[in-house]
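This document starts with one chain, in the form predicted on its own, laid out as structure tokens.
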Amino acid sequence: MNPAKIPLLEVLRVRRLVCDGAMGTQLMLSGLEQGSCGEAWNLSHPDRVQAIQGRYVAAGADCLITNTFGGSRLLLRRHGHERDFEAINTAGARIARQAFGGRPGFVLGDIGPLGALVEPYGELPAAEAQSHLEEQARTLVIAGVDAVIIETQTSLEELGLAIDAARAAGAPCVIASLAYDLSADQTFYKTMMGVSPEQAAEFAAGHGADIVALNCGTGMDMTGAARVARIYRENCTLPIMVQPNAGRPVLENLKAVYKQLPADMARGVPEVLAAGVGIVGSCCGSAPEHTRAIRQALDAFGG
């Protein structure tokens, strides 16, 4: 159980929160080989996962996202870890809780995309997708997460199935997070499947999500997050969470490298807070140093 004992949504009524940052790049810095299953480290290297999350807590994170982004049975099957599904997700929740070291904090159970397009856009039957999503949501809820965060979504079809799955599992809070790309002329944001922030806000509110969020996406930095957050606020009354990237990547040795310094990311925090954001975190390319800078900016703004 959450040592704070106060539900996440109740806390958001009185203060803003800081969420952690990137996990994948931190795992690779800790020794994970590119292309390997990071979620399996919940079982093989739990100490390294906890150390990463502990650094985010030390940097000021109030919320930790479990290392279960690719933890559906469907995705684990691709890495040969299907039989470890329950253990991986249960350990992910436990490790995040332990990383708080007994201090109050919120564990957000992470559910990422299934990695296949759901009918009618793809070949994955909706019923099968629903089954995978419900199974992961149920496992995370039983493991004691304070919320289920459905991340990096690009279509309303899969997002809707995931929200339904989290609700069916009895999640105490459901966060719907979409990944937006900045248009070529830099005038608007939409997901890869053409979903606008306006549509997402209305859908999340109408479909039973408790918090509407954004994460990742091409061109999604803190300034872009503020821009989308304002659209969210204009189209729904749900609390808002943002997890922008550490700036825009540059290509080095055929790899995308994020170079935004923590201080530069933090300069955009007042703008997202002014837009009505309740939870501020970070995504691709970020590290505990970015979280610390966000924490300082939030505290300076007035918490």
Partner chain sequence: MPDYALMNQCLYEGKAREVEQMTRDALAGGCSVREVLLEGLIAGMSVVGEDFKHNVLYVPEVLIAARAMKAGMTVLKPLLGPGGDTNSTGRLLIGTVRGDLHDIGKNLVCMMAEGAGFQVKDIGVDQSVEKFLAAADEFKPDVVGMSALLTTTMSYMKVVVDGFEQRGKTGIKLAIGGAPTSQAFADEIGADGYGADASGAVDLFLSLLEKKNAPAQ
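Computed from a prediction, not measured in an experiment: that's the story for all the values here. Positions refer to the first chain, counted from 1.
As for the form predicted together with the partner chain, it is not shown, yet the points below apply to it.
Contact with the partner chain in the predicted complex, judged as any non-hydrogen atom within 4.5 angstroms, is confined among 71-79, 220-228, 130-138, 101-109 to 71-79. The three marked residues, Ala91, Gly206 and Ile211, fail to reach the partner chain in the predicted complex, with no heavy atom of any inside 4.5 Å. Residue in contact with the partner chain in the predicted complex (any heavy atom within 4.5 Å), chosen from Ala256, Ala58, Ala263, Ala51: Ala256. Contact annotation: of the candidates Ala126, Ile142, Ala168, Met193, the single residue with a non-hydrogen atom within 4.5 angstroms of the partner chain in the predicted complex is Met193.
The closest heavy atom approach of Met28 to the partner chain in the predicted complex falls within 4.5 Å. Residue contact check for Gln34: one or more of its heavy atoms lie within 4.5 Å of the partner chain in the predicted complex.
Among residues of the shown chain, Ala87 is not one whose heavy atoms approach the partner chain to within 4.5 Å in the predicted complex.
In sequence order, Gly115, Ala116, Leu117, Pro120, Tyr121 are the residues of 108-142 having a heavy atom within 4.5 Å of the partner chain in the predicted complex; the partner itself is omitted from this view.
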